[in-house]
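Considered here are two forms of the same protein chain, supplied as structure tokens in two stand-alone entries, structure 1 and structure 2.
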Structure 1
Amino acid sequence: MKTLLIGEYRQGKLLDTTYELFGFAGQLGAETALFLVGTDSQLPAYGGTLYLADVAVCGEYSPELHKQLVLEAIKKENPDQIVFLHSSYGWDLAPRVAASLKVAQVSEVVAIQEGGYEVGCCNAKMRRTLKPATAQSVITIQAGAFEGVQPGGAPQIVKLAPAGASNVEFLGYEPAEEKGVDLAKAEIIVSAGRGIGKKDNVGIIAALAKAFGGELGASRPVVDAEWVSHDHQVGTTGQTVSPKLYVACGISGAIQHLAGMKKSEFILAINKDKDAPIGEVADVLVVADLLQFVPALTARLSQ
């Protein structure tokens, strides 16, 4: 079996998450080749074949060009699987490649199984096992689901030059908003999720954070609803944290949130739903109405 792994490069840097692709290929027991739109001044620690296109010519976000380049590498390599990260780059580019080849795509794989690939569904509460019906297939893997592996060595480079024009003009990046709160440094984080019900209840969670001497965090829906400002957001599109204690209040446990906090040393979750996916990472799941439990815990801590 042969895989073509699609590495990532952003804002002048090879992204470390690229190595997770090797973790996946290792579990699959497959041979690898790597594709990257990057630069030869910053090469991955990998001794195999690297299909390299120059980012100075091709741009970091130019999906039509990148698609053509991936297709060219596929033609040369003839892999069984073309593997992307399920990231903003991967979920944007993978379907374009799959559609051009007219092959199956399996999105956000969390595990390899005998009968196929396991993926999450229904807000991470359930799983599906999917099997491509085409000889070649496109796979995207969930962030953090496969441990990164640095194969080491220096690559044999096969240079690719772009053909054709892009139909999307990339204008540049907007930096992340200024962080009023640096959650990465916090030892204790108490986070509010959609389960708090309404904006008025943020105070209850903030009070618990204060009683612990910690910081207030929040899940994405709470930030999107403008109950809490973005600099408190924990997750893939917010901050990644690993405090000594993480308290998740009314957070169901969407994958994007779990990816941002599952490395916390101790996770306490409070949720009225015993089956909420947050239970998968929690050390303790308290099944209770948080509007009763949280003030009671705050009062006890403040004694």
Structure 2
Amino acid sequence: MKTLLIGEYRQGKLLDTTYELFGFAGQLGAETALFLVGTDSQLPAYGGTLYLADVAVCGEYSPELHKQLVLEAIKKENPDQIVFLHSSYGWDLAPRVAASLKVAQVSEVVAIQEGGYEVGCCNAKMRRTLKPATAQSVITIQAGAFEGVQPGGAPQIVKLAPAGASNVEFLGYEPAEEKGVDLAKAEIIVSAGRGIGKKDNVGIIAALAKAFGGELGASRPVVDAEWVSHDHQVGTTGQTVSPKLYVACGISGAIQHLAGMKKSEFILAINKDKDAPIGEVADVLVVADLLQFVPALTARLSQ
């Protein structure tokens, strides 16, 4: 099996998330080639073939030009799969490429299963396995779902240049609105998940966060239920964090949440389900009723 991986370059830098594409390809046992719109000064640590287009000519994003360049690389490589990150770049470009090739697309893959790809459904509350019905396919992978792998070495560069000019001008990036709580700077975060039961129990988790001298975080279901505001959300649709201590209270461990916090130095999970996915990344898993354990822990810390 052969894959063409679509790397990402932003504001003068190769994005580290590009290496997650190699993690995905490695799990498939696939051969790889890489496509990138970037510069000679920011090359990936990769000893394979790199199809490189000059960002100064093509812009950091131009839908038609970048699609044209990806299709040219596909023509040269004839890969079984074209793999994007499930990012704003991938969201826009992957379906354009799939439509041009008239092939299947599977979006936001979180795991590889025998015979197909696992994706979230029902607002990420469930997962299902899909298999492309075409020999060639376009895939986007969820950020954080596959561990980044640096193959090492220096790439063999094949230069690509667009035919013609773009009819779209890339103006730049618009900064996100300022968050009321900047969890990215917090050294300790205590997060509430759906397992806390109801809104009235948020105060129990907030008290533990205060006892630790940290900030209150939350999973997406808690935010969607309007138990806490969105600026407390941790995950791919919230804030990505890497505190010294992350305490997950009643959080099962959906891939979107794990992607936002798995780089924490130490993870303590409190969950009544000993088989909850959060246990796979936690340094310590406390199997207990959090409504009993958390107040006891808070009281001990407050002594």
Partner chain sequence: MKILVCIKQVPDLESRFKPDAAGVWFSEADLAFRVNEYDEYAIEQAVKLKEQLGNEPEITVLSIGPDRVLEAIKKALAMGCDRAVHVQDSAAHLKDPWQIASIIATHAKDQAYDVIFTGMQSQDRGSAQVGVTVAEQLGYACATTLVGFAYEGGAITAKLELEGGIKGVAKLKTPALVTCQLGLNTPRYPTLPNIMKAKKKEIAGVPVADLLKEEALGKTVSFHPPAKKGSGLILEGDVSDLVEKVIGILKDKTAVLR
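Counting starts at 1 with the first residue of structure 1 and goes up one by one along its sequence. Each form is matched to the other, and the largest set of C-alpha atoms that superpose within 1.5 Å is called the rigid core. Because the structure is a prediction, the values reported are computed rather than measured.
Source of structure 2: the form predicted on its own. Fitting the two forms on the rigid core leaves the C-alpha of His86 displaced by under 2 angstroms between the two structures. Once you line up the core between the two structures, the Cα of Asn167 ends up 2 Å or more from where it was. Annotation: Cα of Asn201 displaced by at least 2 Å between the two structures, core superposition. When the rigid core is fitted, His230 shows a C-alpha shift of 8.1 Å between the two structures. Taking the core as reference, the Cα of Lys244 moves 4.8 angstrom between the two structures.
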